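Taking the form predicted on its own, here's one chain by itself in structure tokens.
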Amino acid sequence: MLGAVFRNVRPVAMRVCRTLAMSAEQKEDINSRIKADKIVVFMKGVPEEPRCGFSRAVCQIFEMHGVEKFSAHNVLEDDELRENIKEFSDWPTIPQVYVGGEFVGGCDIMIQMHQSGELVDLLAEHGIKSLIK
């Protein structure tokens, strides 16, 4: 009897799963945001007040390199953007960093690039001088 009752019940996780793909307009919106500046960060909060430790770490890395100008988009203010940027990049976490219109990665990758010196080279490729030699 219980088998018949539970057979058609889907787990909660399956019911809340996002199934809609982003529209062409939404893709174009993200593309235009990414191309609007040399460095673009989709983050939780804003650079002056990050709302998560990972977003704060990315901002601190840019600060150490003397990068004062970059576009930041607060995904906490726009749930649609928060989900769409993950689909756009095929990357599941926030923050997401784009340099020269190309996806670089999230916090862990930024830390690795900072520690290895690769970030200095990447910034230089896009005409941005780092304070770190």
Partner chain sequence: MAISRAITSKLQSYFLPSFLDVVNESYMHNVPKGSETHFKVFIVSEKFVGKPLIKRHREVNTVLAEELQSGVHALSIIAKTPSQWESDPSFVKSPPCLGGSKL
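Only a predicted model underlies this, so the values are computations on that prediction, with no experimental measurement involved. Positions refer to the first chain, counted from 1.
A second form of this protein, the form predicted together with its partner chain, is not displayed here; the remarks below concern that form.
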Gly100 near its partner chain in the model of the complex, any heavy atom under 4.5 Å? no
Is Lys44 close enough to touch its partner chain in the model of the complex, meaning at least one heavy atom pair within 4.5 Å? yes
I'd like to know whether Val104 contacts its partner chain in the model of the complex, with contact meaning heavy atoms within 4.5 angstroms. yes
Determine whether any heavy atom of Gly66 comes within 4.5 Å of a heavy atom of its partner chain in the model of the complex, and answer yes or no. no
Exactly one of Lys38, Arg51, Arg33, Lys27 has a non-hydrogen atom within 4.5 Å of its partner chain in the model of the complex; which residue is it? Arg51
4.5 Å heavy atom contact with its partner chain in the model of the complex for all of Leu76, Ile109 and Gln112: yes
Can you tell me which residues in 56-84 come within 4.5 angstroms of its partner chain in the model of the complex, by heavy atoms? Arg56, Leu76, Arg82
